[in-house]
Each structure stands twice: as C-alpha cells, then as structure tokens.
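Shown below, as structure tokens, is a lone chain in the form predicted on its own; questions about how it binds or moves come after it.
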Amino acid sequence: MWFYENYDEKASLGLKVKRKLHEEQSKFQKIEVYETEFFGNLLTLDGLVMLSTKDEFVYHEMITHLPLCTHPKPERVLVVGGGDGGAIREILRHDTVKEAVLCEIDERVTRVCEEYFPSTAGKLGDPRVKCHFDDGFAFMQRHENYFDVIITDSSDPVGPGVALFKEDYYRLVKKALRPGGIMVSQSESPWFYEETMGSMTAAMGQVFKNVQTYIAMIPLYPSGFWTISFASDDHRLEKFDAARSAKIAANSKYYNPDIHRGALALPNFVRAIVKNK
C-alpha cells in the first residue's frame, strides 16, 4: 500500500504505508492518519502532507526559534493554525514566554494529533498555553497590540488557508503585534510555488519594513526545500541573541546558531522570486 501526494500535476511524493489509522471529514477538511514504513505516523489534510513523526522537528524548530531568538524578550506568542501543537511545544522552550496561544480553525485536527502524534501535541496542556478554536482573523481583531511574535503555521493556500497569504491578513497581524513585534509565516517551496512566494512576500513588504525569507530542509514537503518568511519593522534575523540560541540548540535536533545564520543564505533563483528587503 502506498500514499501519493500530487504536486499540481507536476510531480508526486510516494510513501510506503503499513495501514490507515484514521479518516474523517471535519467541517473544514478531510483528515487522515497513516502508519508508514519509514516516517512513522503521517498526517494529511485534504490529501496533502502536514507532518510525520520522523521529520516534524525540522519545521517546528525553524518556524519558532529564529523569530523567538531574534525578539529581545518574547512573552506573548500566537500561533495561527498549527493545530498539531508542534510550534507550541517549541515556543514553550523559551524561558521568557508567559503565554503561548494556539488559534486553530479546525479543532478536530488538534484532537486527532493528540491521539496519534502525542510527542508533537503533548505540550498543549501546559498552563502557559491557551487553545482557541476560531478563525484567525476574528481572533486577532479581538487582540490588538497584544502579541510579541505571531507565527502563521498554515496549510497550503487552498481551502481555509488561502486568506492567510494576503495583504489584509498581514495588516491584521501588524495591529495584533505590540511595538517591536515580529511575524513569520511558512512560505512554500520555490520549486513548485514560485508565484505564491512572490506574491506573499510582496504583500508582507507593503505592511512591514523588513522582510526576510529563510530556508529549511524538510523531507516530506514538496521538493524537501522549504521556506519561511519573517517580517518586522524593528528587527532583522541577523541580529539575534546568540547565547539564547545556543541554549535552545542544546536540546534541538535541527536548530543551532550556525543554522540560524546559514538559513538566511538564499540561492540566486530564490532571491529572484521573493520580494525581500
């Protein structure tokens, strides 16, 4: 038995599967969990790979630790999407964090991950965590000038995730940030989603003074070459707290200070796609 993910009729990823563990149609999307031969449990939403137990640490470490080690004192952090809980797990590793908020539109994603991905979702019961199953737009409108860092841990720009790649969303994020705030968002693969990367980083640049895209190697995401984009009026990723970064790296599988610096080195063809400044 094999699972295949099709990349816009251009290519596909195939994984050998032992069995299907779960399948349901939530209010928003089809949720499936497979037990694979090599990557452990696999979560898919509407047929698209979200995470596996073998490689999820790369994405979750990279989307959290670069912005949190760049902000001088992150105390309130919001994750929009991220129902699997992996970003929350990594955020809680920062001693300055007093409140980690998850705003996930589909509660069923979280409940399924708590059952089948306990190492990823296991920190959602921490007293510093608040879970809201709500639309991210509506939630942020109720929390202006509140967060230090906002992480958009979204699915691909299809279905409920489309709005999270638009300028209106980034303007709402900025209003929800306190002075000196930072936002990051997963920004797709340059091999398959060139147009999305260009449009979303251009939209970020209409709202924030500094926009920087950085890279991570995630085997099960299209091409294995993935990007995350950072935006702030006051900070740049090169100016991070190296001591805090090293402390976090002591218990990380992927992230360390050298990776923090190196992730900013973009190939020329990626530089030509993104609208960084």
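The first residue of the sequence shown is number 1, and the count goes up from there. Quantities reported herein were computed from a predicted structural model and do not represent experimental measurements.
Below, we refer to the form predicted together with a small molecule, which is not included among the displayed structures.
Practice task
Mark Ala249 yes when one of its heavy atoms lies within 4.5 Å of a heavy atom of the small molecule in the predicted complex, and no otherwise.
Solution key: Outside the cut-off, so no.
Exercise for the section: Report whether the minimum heavy atom distance between Val49 and the small molecule in the predicted complex is within 4.5 Å. Expected result: Although the small molecule is absent here, Val49 would touch it in the predicted complex, with heavy atoms inside 4.5 Å.
Exercise for the section: Please check if His65 has a heavy atom lying within 4.5 Å of any heavy atom of the small molecule in the predicted complex. Expected result: Looking in the predicted complex, residue contacts with the small molecule do not include His65, since no heavy atom lies within 4.5 Å.
Exercise for the section: Classify Trp226 as contacting or not contacting the small molecule in the predicted complex by the rule of any non-hydrogen atom within 4.5 angstroms, answering yes or no. Expected result: The answer is yes: Trp226 has a heavy atom within 4.5 Å of the small molecule.
Practice task
Please state whether every one of the three residues Glu61, Tyr214 and Ser245 places a non-hydrogen atom within 4.5 angstroms of the small molecule in the predicted complex.
Solution key: Spot residues vs the small molecule: no contact at all.
Problem - Interface stretch in the predicted complex with the small molecule - options 236 to 244, 25 to 33, 65 to 73, 51 to 59, non-hydrogen atom within 4.5 Å - result: Among the candidates, contact is made by 51 to 59.
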